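Before any questions on binding or motion, here is one chain by itself as structure tokens, the form predicted alone.
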């Protein structure tokens, strides 16, 4: 079976326990305004342009037979015309253009993930992320199955917006589920992200009922999720589902703004990462709501 991936991060330390290799799968059913990996949202490969590496020479424009590129203050990519022929990549002296996303077999993906297995130790392993890994759940299940055959610890980062059969397929091959609950209110969830969260919460409750190792995570996004009411409501909910739940608050990372510049899109989130004092305030909310296992960065 084949899947479409767009990155592999080696020696990752924030995608599960220990040192890990993290594979990023293309495609996501959500439309989070703050997405850290906007290049992974679309299911198809696409041409990626990095303006910081561009020399403004126009070589890519000259060689493009589809007229998908134009040069002004920067190179503009008309994705509907681009055939991903690779000519522009070949002639670009600054390597500012690259194909984002490629097809691999499950065996190839597993082999890439396991190349650094000697460094995993007792706590590390492999993680599938995205995009949304469950948007290609059959491929994801096969990749993790191959990794588990080698005795490797496995994890998946997921929003859980997927059919139940996808979650069931992941259970026997996944040691740890790192799931996002961004909002508890389904109306707010749909207004901000584009879909309500009932399927997400149902899948979370199913995983808990099956005894899966689950870590709930909420990204703290200024102007969006990072409110006392939202964090308190999520904490109360997960406490009722699982008294021993593990909960992690992910501090805002503003570094993704450069990706939106590359995509010629405005990034709607203003502000910075929260200070240690501000994070302590959020952790206090979790303690007040009876969360026993708070995971801190």
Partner chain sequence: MQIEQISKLACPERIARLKEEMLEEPRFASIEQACIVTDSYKETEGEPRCIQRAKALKAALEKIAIRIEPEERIVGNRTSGVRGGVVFPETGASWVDREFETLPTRPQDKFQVRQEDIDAFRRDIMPYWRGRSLEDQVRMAVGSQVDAIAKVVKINQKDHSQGHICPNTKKWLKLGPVGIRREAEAHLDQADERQKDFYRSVILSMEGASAFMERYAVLAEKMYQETKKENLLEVAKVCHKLAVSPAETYHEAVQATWFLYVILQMEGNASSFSPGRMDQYLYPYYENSRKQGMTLEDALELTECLWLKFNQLVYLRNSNSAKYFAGFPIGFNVAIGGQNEDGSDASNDLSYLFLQAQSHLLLPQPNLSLRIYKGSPRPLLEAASRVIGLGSGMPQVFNDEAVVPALESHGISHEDAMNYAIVGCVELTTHGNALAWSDAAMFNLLKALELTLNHGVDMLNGEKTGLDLGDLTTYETFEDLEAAFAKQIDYFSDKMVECVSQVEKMHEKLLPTPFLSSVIDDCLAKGQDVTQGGAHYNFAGVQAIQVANVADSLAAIKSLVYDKKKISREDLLRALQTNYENAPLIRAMLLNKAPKYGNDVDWVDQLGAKWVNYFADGLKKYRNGRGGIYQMGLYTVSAHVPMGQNVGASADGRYAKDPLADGGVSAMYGRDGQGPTALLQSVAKLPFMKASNGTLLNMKFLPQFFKTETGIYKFTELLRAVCNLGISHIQFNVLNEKDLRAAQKKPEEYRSLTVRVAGYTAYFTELAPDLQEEIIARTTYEAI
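Positions refer to the first chain, counted from 1. Note that the coordinates shown come from a computational prediction; the quantities given were computed from them, not determined experimentally.
The next section is about a form of this same protein that is not shown, the form predicted in complex with the partner chain.
Participant: Determine which one of 115-123, 207-215, 171-179, 158-166 lies within 4.5 Å of the partner chain in the predicted bound form, judging by heavy atom distances; exactly one does.
Facilitator: Among the candidates, contact is made by 115-123.
Participant: Wondering, does residue 93 line up within 4.5 Å of the partner chain in the predicted bound form on heavy atoms?
Facilitator: Judged by the heavy-atom cut-off of 4.5 Å, residue 93 is in contact with the partner chain in the predicted bound form.
Participant: Although the partner chain is absent from this view, report whether residue 243 comes within 4.5 Å of it in the predicted bound form, heavy atoms only.
Facilitator: Flag for residue 243 set to no.
Participant: Look up in the predicted bound form whether residue 185 has a non-hydrogen atom within 4.5 angstroms of the partner chain, and give yes or no.
Facilitator: The answer is no: residue 185 has no heavy atom within 4.5 Å of the partner chain.
Participant: Are any of the heavy atoms in residue 11 no more than 4.5 Å from a heavy atom of the partner chain in the predicted bound form?
Facilitator: Output for residue 11 is yes: heavy atoms within 4.5 Å of the partner chain.
Participant: Looking at 78, 89, 138, 202, which has any heavy atom no more than 4.5 Å from the partner chain in the predicted bound form?
Facilitator: Answer to the contact question: 89.
Participant: Quick one: of 19, 273, 285, 279, which gets a non-hydrogen atom within 4.5 angstroms of the partner chain in the predicted bound form?
Facilitator: Filtering the options by heavy-atom distance leaves 19.
Participant: Taking the partner chain in the predicted bound form, which residues of 161-186 have any heavy atom within 4.5 Å of it?
Facilitator: Result: empty, none.
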